[in-house]
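Given as structure tokens, the chain that follows is alone and in the form predicted on its own.
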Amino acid sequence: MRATPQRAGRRLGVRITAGAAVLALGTLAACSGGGGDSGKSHDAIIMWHGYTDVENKAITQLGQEWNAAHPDQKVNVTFAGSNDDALKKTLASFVSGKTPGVAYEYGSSITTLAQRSQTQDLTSLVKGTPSFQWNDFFPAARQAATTPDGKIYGVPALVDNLALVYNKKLFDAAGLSYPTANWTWDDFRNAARKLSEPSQHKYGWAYVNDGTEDTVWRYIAMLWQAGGDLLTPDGKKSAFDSPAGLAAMQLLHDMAVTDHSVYLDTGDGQYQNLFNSGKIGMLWTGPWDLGTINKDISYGAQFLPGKVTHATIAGPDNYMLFNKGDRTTAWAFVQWLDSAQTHLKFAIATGDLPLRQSETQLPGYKDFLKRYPANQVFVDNLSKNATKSRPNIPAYPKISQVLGTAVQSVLLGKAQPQAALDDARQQVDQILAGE
């Protein structure tokens, strides 16, 4: 359980808009001078990843294990730089012709990549390979690998979600009971208020308020908790300007502006230091942050508080295949990499959450929980509360930018919740209409 730079960056993946990536593509392409090979190296297909630290060590070991058992289907497992730059690098490789056979990609990149001819449509492979057991993956991960037309362009590489992490010592000092799985928004707000002493820079909760997707995805979780949704079922209109959307925005306003119980992080991650110093009582965060918590902090993890549901939001990432000539080996490799037995090895080594529901039934899963006990809540979330993913549509980065500004304005007290929603709705509907 530890945070790694690429995990922190992964949450910000939608910052890389398609337009920005295409601009970068032009720059890199100009430097590449073009080319024409398929990305093969030393008779092995290339797999790009952005893992560092223990994850890099674990994926390298798995690559060696695969190659030893498959001398005729070797894979060159290669660190290709931060996952934050995965989309940009992949698009550049399309121009240079030096395209990886397999690459780790943010879930938010799938719509951009699916529009490119080099990206392999995996629908027939996934659905035509019963042993792959597609439905064994958690629902949000399957959604994140699927475009709105039902085509599958990736297989899960990582799953995560948000849960409530709290400082037990601060709860004890305030005379508060620890959060339960049935906590309501009122329970959460009351606790945050009692944990706060703004004059001493102590806050009950922290919220990343830099206007990026890190600002937006917590709001979307609240929107779902209140029974609302981001878009209409056909994806053609906004749906967040609703009673549910207003309730979520009002809670943010009431806690940040009325109660002054929220530390508004500017995106520099100071909330982590403040949690460690006892200045913040609760976080909504993922398993990647657990490793940043000091060993002398006694903390607990629980489902997010709820209203209609206790929905959380997940940020699944994918392995995607590119070179058609590498398809057979690449598909065999990712099947093995995504098998319950292989991935559980990776999870035990790294603290990553299980990709498959069947992983939790393997004997080794007990070792995983023994090593990472706080991850149990995040694993339970995968089947109980992480039932949706953000829409896989090209317009999502623009929608996220609009919502980020709206949430930011409410948290700062610069706009009332309904006014912020009205303005955001108009902008998002224009985006969806292509205006």
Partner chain sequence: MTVATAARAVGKGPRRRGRQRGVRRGDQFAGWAFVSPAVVLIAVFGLVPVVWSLLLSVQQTDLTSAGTWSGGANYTKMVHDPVFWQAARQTLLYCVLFVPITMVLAVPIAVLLNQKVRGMTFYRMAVFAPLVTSTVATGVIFSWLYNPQIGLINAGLDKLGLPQQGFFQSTGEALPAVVGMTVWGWLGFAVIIYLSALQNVPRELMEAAALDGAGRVRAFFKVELPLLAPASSFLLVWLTINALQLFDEVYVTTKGGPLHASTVLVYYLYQQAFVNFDGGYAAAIGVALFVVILIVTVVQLWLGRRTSHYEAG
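Positions refer to the first chain, counted from 1. Not measured: the values here are computed from a predicted model.
One more form of this protein exists, namely the form predicted in complex with its partner chain; it is left out here, but the text below deals with it.
Visitor: Which one of Thr266, Asn135, Ser177, Gln361 is close to its partner chain in the predicted complex, taking close to mean a heavy atom within 4.5 Å?
Guide: None of the other options qualify; the answer is Thr266.
Visitor: Could you work out which of Gln73, Asn273, Gln302, Thr184 is the residue within 4.5 angstroms of its partner chain in the predicted complex, going by heavy atoms?
Guide: Filtering the options by heavy-atom distance leaves Asn273.
Visitor: If we take heavy atoms and a 4.5 Å cut-off, which stretch out of 169-177, 195-203, 218-226, 287-295 is in contact with its partner chain in the predicted complex?
Guide: Every other range fails; the passing one is 195-203.
Visitor: Spell out, yes or no, whether the shortest heavy atom distance between Asn375 and its partner chain in the predicted complex is within 4.5 Å.
Guide: Answer no; every heavy atom of Asn375 is more than 4.5 Å from its partner chain in the predicted complex.
Visitor: Hey, in the predicted complex, is Leu91 touching its partner chain, heavy atoms inside 4.5 Å?
Guide: Leu91 belongs to the contact set for its partner chain.
Visitor: Taking any heavy atom pair closer than or equal to 4.5 Å as contact, tell me whether Gln408 reaches its partner chain in the predicted complex.
Guide: Although its partner chain is absent here, Gln408 would touch it in the predicted complex, with heavy atoms inside 4.5 Å.
Visitor: Using 4.5 Å between non-hydrogen atoms, is Leu87 touching its partner chain in the predicted complex?
Guide: Result yes; Leu87 sits at the interface with its partner chain in the predicted complex.
Visitor: Counting only heavy atoms and a 4.5 Å cut-off, does its partner chain in the predicted complex sit next to every one of Arg116, Gln401 and Lys414?
Guide: The answer is yes: all three residues contact the partner (heavy atom, 4.5 Å cut-off).
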